[in-house]
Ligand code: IN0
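Only one chain is shown below, in structure tokens, and it's the form predicted on its own.
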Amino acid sequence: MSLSKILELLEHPLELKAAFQLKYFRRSNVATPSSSSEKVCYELLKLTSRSFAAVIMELVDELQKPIMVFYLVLRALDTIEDDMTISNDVKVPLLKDFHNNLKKTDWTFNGNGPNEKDRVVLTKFDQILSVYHSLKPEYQDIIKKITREMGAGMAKYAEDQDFNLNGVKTIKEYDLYCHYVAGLVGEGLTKLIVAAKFGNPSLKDRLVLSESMGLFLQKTNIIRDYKEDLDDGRTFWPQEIWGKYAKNLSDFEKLENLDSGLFCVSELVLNALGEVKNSLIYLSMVYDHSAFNFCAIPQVMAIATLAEVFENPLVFKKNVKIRKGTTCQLILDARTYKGVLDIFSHYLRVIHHKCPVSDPNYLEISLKCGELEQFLEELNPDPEHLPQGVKPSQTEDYLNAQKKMEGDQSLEEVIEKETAAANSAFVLFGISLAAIAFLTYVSLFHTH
């Protein structure tokens, strides 16, 4: 960990404690490769995505391997699509036909540019295929179907010269783009979770819920990555929104356009918040604790990131991220459904309170935050807010939420014991550090 990260944690002692608890006390699953190909796949996973790798490692064995393979297959597909050194004459057929490579056992690809950071996923794709063919046929079919649809979508955008030159124009196009790059991922993950019997079977028939899960993450990333994408010559903010505030998307980099830029960000955040309700419903229907964590952690990171980019001028200068300690705290708190609801409630209030009255989206932001707060209250009502003798409305969403929270009760007991042990150890750790600092000071004082 860098010195700046350490100092950042020291400035926020509660986050330092969360990092301490996460590293030394939280229960975690350990991946145990059963073959040389699996070992290579775990190495590729860590190489291509540390954060995603950590979440996948937390899954129980039934889902860990299928989701790892699913991720690596899509990463390979994405590595072809992202590589601008590959001509469309080669790229488009590769993308359209990529799913058929899953029928093979020894296919690899060495045509990426030398600077393509994830090219190793393709040069070692035969190792991924080896593990893919060891999966249950049902899991293989799900991965292949999503790969086919995503490859077709990527090929469509690769051939769309207007998109490549001018970016996304309408909100409808924005949603469609997010569907291809994230909504389909959510659909595949949902079908894997249901096939493993780790979630409500109706999830596979309510794909609007998984669609919102994917879109919420992707829209958050697109808002956050304004500067990075602009520097790379890419634009994903929909012109239907940013065109209200500037003539050119790059105008927001200029100081004189800062207010307009922040107003544009607020409308983009408002658009992303439209996915929250479905995401919360979805999470209430995932029963397995490891699968729930896998789904919930990215969602709480997204709402925290939205609160961070909201009314933040740094969006136009760099990639804005939440603090490392905040991330640790979110991972700990998102282990239960009630914890997730509390996190969303907190960051919705942050967004609401940060919104200035001068923002043209002020009223809509206020209404959306109020609507979502009311929905959170519906899912987990505070008894003090109900009139005497009145029971909560027995909606399907309420019943699913209550069922989920009842299933979390045994986990909450484990978390309480873990937190108590971590608190005690952290206090002892702090006392030890203070003692060392005092003795060092005394030693230096006497030396001089």
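In this text, all values refer to a predicted model and were calculated from it rather than measured experimentally. Numbers for residues come from their place in the sequence shown, where the first is 1.
There is another form of the same protein, the form predicted in complex with the ligand; it is not shown, and what comes next is about it.
Q: Just one of 262 to 270, 291 to 299, 341 to 349, 198 to 206 has heavy atoms within 4.5 Å of the ligand in the model of the complex; which?
A: Contact-bearing stretch, as computed: 291 to 299.
Q: Sort through Ser210, Ser284, Thr147, Asn101 and report the residue having a heavy atom within 4.5 Å of the ligand in the model of the complex.
A: Of the candidates Ser210, Ser284, Thr147, Asn101, Ser210 is the one lying within 4.5 Å of the ligand in the model of the complex.
Q: Considering the ligand in the model of the complex, which of Gly214, Gly325, Gly151, Pro238 comes within 4.5 Å of it through any heavy atom?
A: Checking each option against the ligand in the model of the complex, the one that comes within 4.5 Å is Gly214.
Q: Can Phe125 be called a contact residue for the ligand in the model of the complex at 4.5 Å between heavy atoms?
A: Flag for Phe125 set to no.
Q: Counting only non-hydrogen atoms and a 4.5 angstroms cut-off, does Ser51 reach the ligand in the model of the complex?
A: It does: once the ligand is placed as it appears in the model of the complex, Ser51 has a heavy atom within 4.5 Å of it.
Q: Does any part of Asn221 reach within 4.5 Å of the ligand in the model of the complex? Heavy atoms only, please.
A: Yes, contact at 4.5 Å.
Q: At the 4.5 Å heavy atom threshold, is Phe70 in contact with the ligand in the model of the complex?
A: It does: once the ligand is placed as it appears in the model of the complex, Phe70 has a heavy atom within 4.5 Å of it.
Q: Need the contact residues for 177 to 206: heavy atom within 4.5 Å of the ligand in the model of the complex, sequence order, or none if there are none.
A: The stretch 177 to 206, when checked against the ligand in the model of the complex, contributes Val181, Ala182, Val185, Gly186, Leu189 at the 4.5 Å heavy-atom cut-off.
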